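Only one chain is given next, in structure tokens, and it is the form predicted alone.
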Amino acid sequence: MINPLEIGDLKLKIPVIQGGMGVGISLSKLAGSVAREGGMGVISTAQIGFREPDFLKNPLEANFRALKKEIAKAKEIGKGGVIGANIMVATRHYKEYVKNAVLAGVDVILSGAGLPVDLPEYVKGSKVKIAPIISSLKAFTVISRVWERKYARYPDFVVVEGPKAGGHLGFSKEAVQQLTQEEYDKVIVSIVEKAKEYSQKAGRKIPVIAAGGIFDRQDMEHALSLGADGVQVGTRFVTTKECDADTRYKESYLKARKEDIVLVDSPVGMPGRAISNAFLERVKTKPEKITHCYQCIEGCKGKDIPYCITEALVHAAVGDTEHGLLFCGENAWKCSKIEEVKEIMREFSGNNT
């Protein structure tokens, strides 16, 4: 049996955080189901309102409205379990997304795709826990020092996301290809040691969560052996009955071979990992015409990109996989069947009965 994960006054019976997956992959049904089984369910706020009738004209309002609905549904499904929101720092109107998530009653906010230097300010006056998602000791040190100096606060926990993760990655393509597991294990250990130092200053434990390529109980045990307090799991939860994605999206994972999983250049300037398909092959030589801006990511230059990432991810989420971007983790090829969330959580807990 494994130890529960305590994050201040929050307690996870099973030290598993479900990774936030946008657009529309981890919403209330998946997040609530994971929370109900004793882990942390996480909703991705990335273009969360894509099914709202006014999304095309008013994407921001549609996203805020959907965020409130999804958090409420997840709380209901979770039956008192812990619900988090994954909000990318690179998101346009990041501050407003955080504030809306807090007002909607989320328990935790996790932020990567940039350094959330002012996140403590945006949750001020609430009990919401905050955690940066980082990929290096330097990033953890910088964010902790900034929070200490500006807000007299430290992270409630930290997620260390390695190069095997899915979606947008915190590494260059070259680093992803060259960094070995052994080398990244050393990064995790260094962050665990630094977290101990900061825990003494904070007067409380700052748990370290290992992420990126965590697929099964064996992966979790390896992470825990390095000193991590828990793990974040994304890809494994995609092929569950409860995952919010379309069935055809899930089937793409089940059909994927190891060689089908590739690194891609995202139009928003970050490398990513996805399943090779007709869409990716097509945009290599024939860029798609950009007809609308959904105001998703800071720094996106609509005139210079080969396709709109919002449209590509929405197509995938609704099952139009031939026109969609199928983000996934390195181990997506290991998905072999549709499972239930409770089965996966039992495996990670060590209780398979």
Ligand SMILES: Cc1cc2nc3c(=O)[nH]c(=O)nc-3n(C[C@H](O)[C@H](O)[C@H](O)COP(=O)(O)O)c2cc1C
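In this text, residue numbers run from 1 along the sequence as written. These numbers come from a predicted model, not from an experiment.
Unshown form predicted together with the named molecule; subsequent notes refer to it.
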Would I214 show up as a contact with the named molecule in the model of the complex if we use heavy atoms at 4.5 Å?
yes
My question is simply whether K164 lines the interface with the named molecule in the model of the complex - judged by any non-hydrogen atom within 4.5 Å.
yes
Any of the heavy atoms of P15 lying within 4.5 Å of the named molecule in the model of the complex?
no
Classify G234 as contacting or not contacting the named molecule in the model of the complex by the rule of any non-hydrogen atom within 4.5 angstroms, answering yes or no.
yes
Using a 4.5 Å heavy atom cut-off, which stretch among 68-76, 95-103, 183-191, 246-254 contacts the named molecule in the model of the complex?
246-254
Which pick from V208, V82, I133, A223 sits with a heavy atom within 4.5 Å of the named molecule in the model of the complex?
I133
Output the sequence-ordered list of residues from 310-349 with at least one heavy atom within 4.5 Å of the named molecule in the model of the complex.
F327, C328, G329
